[in-house]
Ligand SMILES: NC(=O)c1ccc[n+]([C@@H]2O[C@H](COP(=O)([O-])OP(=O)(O)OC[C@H]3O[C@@H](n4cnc5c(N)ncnc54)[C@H](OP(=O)(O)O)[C@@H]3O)[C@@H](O)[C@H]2O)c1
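Given next, in structure tokens, is a single chain: the form predicted alone.
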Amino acid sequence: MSGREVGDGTWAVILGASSGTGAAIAEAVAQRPGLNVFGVHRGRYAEQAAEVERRVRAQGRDVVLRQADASTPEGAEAGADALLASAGPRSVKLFVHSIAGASVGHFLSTGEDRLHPRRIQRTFDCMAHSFVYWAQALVARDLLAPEARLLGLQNPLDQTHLGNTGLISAAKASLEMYVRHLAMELGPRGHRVNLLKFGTVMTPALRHVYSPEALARLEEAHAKLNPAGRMCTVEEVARFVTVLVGEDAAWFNGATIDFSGGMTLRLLDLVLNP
């Protein structure tokens, strides 16, 4: 069956599809359950985006990678129009929100790390508001297939108070509320909206931000944090997303699914037993 037939429900929409978790999810769902991929990325990792496209096509799937800013209302509207032209109505089985673009810093600082209003707005658009923008755009164009799955990505920062991550924690808390309310609104239509929480994974963005020495310290810290003695991988996250697309996971709705491998349990343990 062609990926562009009306109502076939064989497409995954992945925001942030060029690298890291988004790229891994694109490749995984192309293999199982065999979805075509419509991805949006900013173009920062052009080589990785080309590799994602090659690997998805190698699975025999259609792929459309769009270079654009997916975090704004205008970006969501334009992206949904392009998706409608490529895939047709009721074609989206899976929507994954994997946009990076957060600011770290302090709210009351007088230095360079002060979180000014523009940085606050940008972080909330990237990490929270854009989930709603895209949900609205997909519904308005009748792009969601029967029993579609909408998935946001969360991290354990809502259970910690790292000094410079307050803005990220606040945005992710908003995302969680959006997921719950959209689950209620879309549930009667047969759709499911959930949030997947996992710990730090090694991505190109992380390697860009941190030096090799800092990355080594990060991996060492996570070896202590995680009961398994290591960091989670993007491939492990992606494989679990393929499970969430399946019928066996159809009763999840409005849930924050803990896929941290026990990392949050270990956080408390390290405080009590340093």
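Note that this is a predicted model, so its numbers are computed, not measured. For every residue, the number given is its place in the sequence shown, counted from 1.
As for the form predicted together with this ligand, it is not shown, yet the points below apply to it.
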Does this ligand, in the predicted complex, lie within 4.5 angstroms of each residue among His41, Ala100 and Asn155, using heavy atoms as the measure? yes
I need to confirm a contact call. Of Leu167, Cys126, Leu182, Ala137, which residue comes within 4.5 Å of this ligand in the predicted complex, counting heavy atoms only? Cys126
May I ask you to choose, among Leu84, Val201, Val104, Val132, the residue with a heavy atom within 4.5 Å of this ligand in the predicted complex? Val201
In the predicted complex, Gly20 touching this ligand (heavy atom, 4.5 Å): yes
Is there a heavy atom of Ser71 lying 4.5 Å or less from a heavy atom of this ligand in the predicted complex? yes
Lys172 within 4.5 Å of this ligand in the predicted complex, heavy atoms: yes
Is it the case that Arg119, even though its partner is missing from this view, gets within 4.5 Å of this ligand in the predicted complex, heavy atoms only? no
Out of the stretches listed (30-38, 57-65, 244-252, 44-52), which one is close to this ligand in the predicted complex, meaning heavy atoms within 4.5 Å? 44-52
